[in-house]
Every structure is written in C-alpha cells, then in structure tokens.
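Take a look at this one chain, the form predicted on its own, written out in structure tokens.
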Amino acid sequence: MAKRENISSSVIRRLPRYYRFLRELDKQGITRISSNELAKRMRSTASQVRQDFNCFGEFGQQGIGYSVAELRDEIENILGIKCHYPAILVGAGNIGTAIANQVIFENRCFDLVGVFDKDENKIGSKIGEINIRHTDDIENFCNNNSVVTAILCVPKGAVEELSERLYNLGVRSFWNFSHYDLNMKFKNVIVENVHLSDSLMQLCFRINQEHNN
C-alpha cells in the first residue's frame, strides 16, 4: 500500500472502530454491509463512512455495498496489524503489567519481546512468559533485538531521560502512559500519549451534563 499523506487524526482514530465492527459482523456470518448500515452501527453518517474509506481507496460498489471480509482485510492492512513490530515495556507496575498482559493476549501489531523495571524485587519474575529485566540491561537488549517501539509506564519524571536513551538505541515510536506529554525534540519520532485520567474526566463531564439536564 502506498504511503498516504495528510490523513487526519480523526480518521485514524475511527479505523480501529471500523475494524472491530467488521470483525464482529464477520463472526456473525454477515457478508455484505452498506455505508448506511455501517454508519448506524458507528453512530456516524454514511457520507462520513465513505469519506473515511476514500482516504485509502475505493472499497465498495454503489448499490451493492462493502464485502465485510474484504473491507476488514483492507483496514487490517492499512493499520498494519499483521506487522508484529518488536516492542518493549518499561515499568512493570500495576498499569504496566496490565498493559503487557493485554499486548501478549491480543498479539496484534506488536510482539512484546522484553519487559524492564528498576525494582530489584521484580527482576527475574515473569509477565506471561517474559522475564522482567533490569532497566540497566536496556541498551544490550535493544542492540540485540531490533526494538521498534517502547511502551512507557514509568513515573513522569523519568520519561525525558528514558526516551532519549531509547532514541539513541534506534527506538522511534512510543506508547506513553506516563502522564507526561512526550513532545520530543526529534522530528522523526512517533508518540501516542495515553492519559487514562483524561478519559475518566470526559466520562465525568458526560455524567455531569446528563444530571444537569
């Protein structure tokens, strides 16, 4: 698939939702779906669905709709779900352990190849089948395992130094749970900052709005 420029972040955020819905439809034995039907499930509009897909090519046929299996596979390719990029996780606390287990269980997009922490009491224990290593071993491990992505579950104050360390080892993408907006000075780095508290506050806002109406 050719690289496409200027795809909006809102379209990218919707792609995993399309993928989830299409997988469920496939499991239900539904073979075709129209943009109208898909829009209803997405709580969107048919024109929005078509515009989103047109960012990547022509997938449906007028009057016939979309093949569920083919569209699912196309979105899978767009998202790169079968690429299995080698990833490490740094910070094996409660959140880090939960995320590591989820990545292992899902086994999509990324292969978790290493877990690191500086707590001596955790070194040598396992998450799934992966031994927790000391953060002092990151350099040696990354040099030998072609790590592409780092999942950061460390305290806020540790992120800047750690990210620079990893950058110098060739890591160019970060999934960051550290409550620190990782705006690095390196232009060729991809960062996805995840703030769980932001999501909770959005939920709180919606509840508050509902109660005040």
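Quick caveat, the model's predicted, so the values are computed rather than measured. Residues carry their position along the shown sequence, with the first being 1. Take the two forms, find the largest set of C-alpha atoms that superpose within 1.5 Å, and that set is the rigid core.
The same protein also has a form predicted together with another copy of the chain, omitted here; what follows describes it.
A residue is said to contact a partner when one of its heavy atoms sits within 4.5 Å of a partner heavy atom; Tyr167 fails this definition for another copy of the chain in the predicted complex, lying far away. Proximity of Glu106 to another copy of the chain in the predicted complex falls within the 4.5 Å heavy atom cutoff. Another copy of the chain is not drawn, but in the predicted complex it has no heavy atom within 4.5 Å of Ile138. For the chain shown alone, Asn144 is not a contact residue for another copy of the chain in the predicted complex, no non-hydrogen atom being within 4.5 angstroms. Contact with another copy of the chain in the predicted complex, defined as any heavy atom within 4.5 Å, is confined among 157-165, 66-74, 170-178, 45-53 to 170-178. In the predicted complex, another copy of the chain lies within 4.5 angstroms of at least one heavy atom of each of the following residues of 16-33: Pro16, Arg17, Tyr19, Arg20, Phe21, Glu24, in sequence order. A movement of the C-alpha atom of Trp175 falling short of 2 angstroms is seen between this form and the one not shown when the two forms are aligned on their rigid core.
Once both forms are fitted on their rigid core, the CA atom of Cys204 lies 2 Å or more apart between this form and the one not shown. Once both forms are overlaid on the rigid core, the distance between the two CA positions of Arg43 between this form and the one not shown is under 2 angstroms. Relative to the displayed conformation, the Cα-Cα distance from Glu139 to Met184 grows by 3 Å or more in the predicted complex.
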